[in-house]
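Below you will find one chain, with nothing else, as C-alpha cells; this is the form predicted alone, and questions on how it binds or moves follow later.
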C-alpha cells in the first residue's frame, strides 16, 4: 500500500513512472468516450471514497472519471455528514471504517494535521487532493502538461512562478527538487515561501531563485505558472494584499520577456492575470485541467501497486 500525500516524500523514479504510465494511457484513449473503460480494466471492482472539506471542481471531476475509466467506482462524502473527530467518533475510528468500506481514500482538506492523523490509522491508500501546505496531484499533472506541450523533459526547461507562496507553490518547489528543474519565484518580499520549505530544498542540495521583481523572475522562462492571489479561505485584508501584488500582475507586456513561454494556471483564477494572457495563445489552462484525469489515473495505479 502506498499513499500519495506530498511530492517530497515520493521517490523521483516513482513520480516519473506515474507520468510515463499517464502518457501511455492518454494515448490509448484517443478514440474512447469519457466513460468508456480502459481495455485492461486495471482497477475493476475497486472503490475510491472521496471526501471534500473545501470546494472542488477539477479534483472532484478528475478523480471521478479516473477511477471510472480504470474500471472502478467512487462514492463522494461531504464532511458535514461525518463526525471527523467530533460528535463522539474519533478520527481513528473513522479511518478504520473507511478502510473497511473502501479500497482507497482521497481527501481534500483544510487541515494538514487531519491528513497526518488519517495516515496513522487508515489501512487503504490515502491521496491528498489538496491540503493547506500541499497540492501534489495538481503539480504532478502540471509537469505532465508541460512535457506534453514542450516535448522535452521538464529538467531541460526554465520554470517560473509569479504570485503568492501557497500550497501549489510548495508542491512545485518539491517537484523542482525531484525533477531537477530551474525554478524562479516572483513574489513580494513578505510573501516568500516558508523557511521550512526552503530549508528542505537546501537539505537536498538544490536551490530555488526568489525575486521581488517579476520582470527578473520571468525573463527567458519556458513556462510561467500562477494561481489566485486571494484564495477562497484567505483571512487577510483583501484590498491590502491585492495592492501588494499589483506589480506582479501577469499581462502581455510581462510575458514579452519570455517570448517562448507558455502560461499555466491551476484555476480558479482571480484578478492576477489579464484576459489577454489567460485566453491568449500562450495559455494552455484547459488542456492543463483535462490532463488531471490522465495523471490521476496513474496516481491511483501507483497507490494500488499496479504500475509496471
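Positions refer to the first chain, counted from 1. Please read these numbers as outputs of a predicted model, since none were measured by experiment.
The form predicted together with a small molecule is left out here; the points below concern that form.
Across the options 27 to 35, 243 to 251, 259 to 267, 279 to 287, residues that bring heavy atoms within 4.5 Å of the small molecule in the model of the complex belong to 259 to 267. Looking at residue 58, you'd find a heavy atom of it within 4.5 angstroms of the small molecule in the model of the complex. Contact annotation: residue 178 falls outside 4.5 Å of the small molecule in the model of the complex, judged by heavy atom distances.
The closest heavy atom approach of residue 138 to the small molecule in the model of the complex falls within 4.5 Å.
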